[in-house]
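One chain follows as structure tokens, the form predicted on its own.
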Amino acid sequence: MIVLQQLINGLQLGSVYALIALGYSMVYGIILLLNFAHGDIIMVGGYIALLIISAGISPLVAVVASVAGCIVLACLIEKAAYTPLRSAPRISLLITAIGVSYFLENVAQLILGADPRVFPNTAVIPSVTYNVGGLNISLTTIVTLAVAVVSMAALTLLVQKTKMGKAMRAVSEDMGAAQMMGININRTITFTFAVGAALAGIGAILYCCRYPQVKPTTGYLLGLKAFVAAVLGGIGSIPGAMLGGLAIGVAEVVVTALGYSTWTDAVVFAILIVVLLVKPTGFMGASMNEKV
């Protein structure tokens, strides 16, 4: 019973990682960019929700505003920082992403202060716990798992069945050929950033409901763990990101349950090292052959 309880807790945390990892995978699949500013977009989403709820406005408005704010911020970053460097060496994009990450963290610290702020999580999801066959399952856990499954299904349908999804797949395969076929490259890339940011905004709310505080560095470690999840599942693979997120969440909770809570971060990054050594493409990543 204890094992099942910890598994449920791990799936809840893993679902949040999965939502964030999907953003990493989508952007990498399109322009081969590891967007390390993705975690800080989550931090901004958390602050937006916190400020709106603290002002006495409806939590539903806070959720919508958080997602919308993340989308707008991601699109601005893409246009201002990444688009001018699209033809530059990949390392330039990577360094720029890291720079944007530090910029967002420092701006948040300058405006809102460095001290953590308590997030009113019960205002978003009521603090209710159900006992099912001896297992204690909170409403937050149920909502988190449900949102993750629905988001995964909606994203899969978007990519596989819609015109924009086909454009995204075409651009990820061959940007030049897609452009010659009449696909608007800029619009497709911006749309990809927007979808990833929307998932980040949802993930921000769910993460703050589990750990009810927000600070300027909230998204730093969260983003890195989501990146590990994306690599573990196979970066560029949507189902892989989901699987990797759940695996990381379960691993983290198991380590904590065994009494090694101070080692959770070390274990997560140890998993990354092992995966890169044994199977660099991850669980569901496709092998890529380069012609010389």
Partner chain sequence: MMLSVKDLNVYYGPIHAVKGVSFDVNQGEIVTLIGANGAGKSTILKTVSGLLKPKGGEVDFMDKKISGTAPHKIVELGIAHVPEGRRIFTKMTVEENLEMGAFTAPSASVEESKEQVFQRFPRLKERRKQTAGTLSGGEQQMLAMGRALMSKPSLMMLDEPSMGLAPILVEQVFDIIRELHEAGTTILLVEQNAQMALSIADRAYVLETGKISLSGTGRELAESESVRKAYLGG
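Residue numbers count along the first chain shown, from 1. These figures come from a predicted structure and were not determined experimentally.
Omitted here: the form predicted in complex with the partner chain. The next part is about that form.
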Single option in P89, G99, G176, P84 placed near the partner chain in the predicted bound form, where near means a heavy atom within 4.5 Å: G176
Single option in A170, L93, M152, L145 placed near the partner chain in the predicted bound form, where near means a heavy atom within 4.5 Å: A170
Which of 100-108, 189-197, 70-78, 160-168 sits within 4.5 Å of the partner chain in the predicted bound form, heavy atom basis: 160-168
The partner chain contact in the predicted bound form: I183, any heavy atom under 4.5 Å: yes
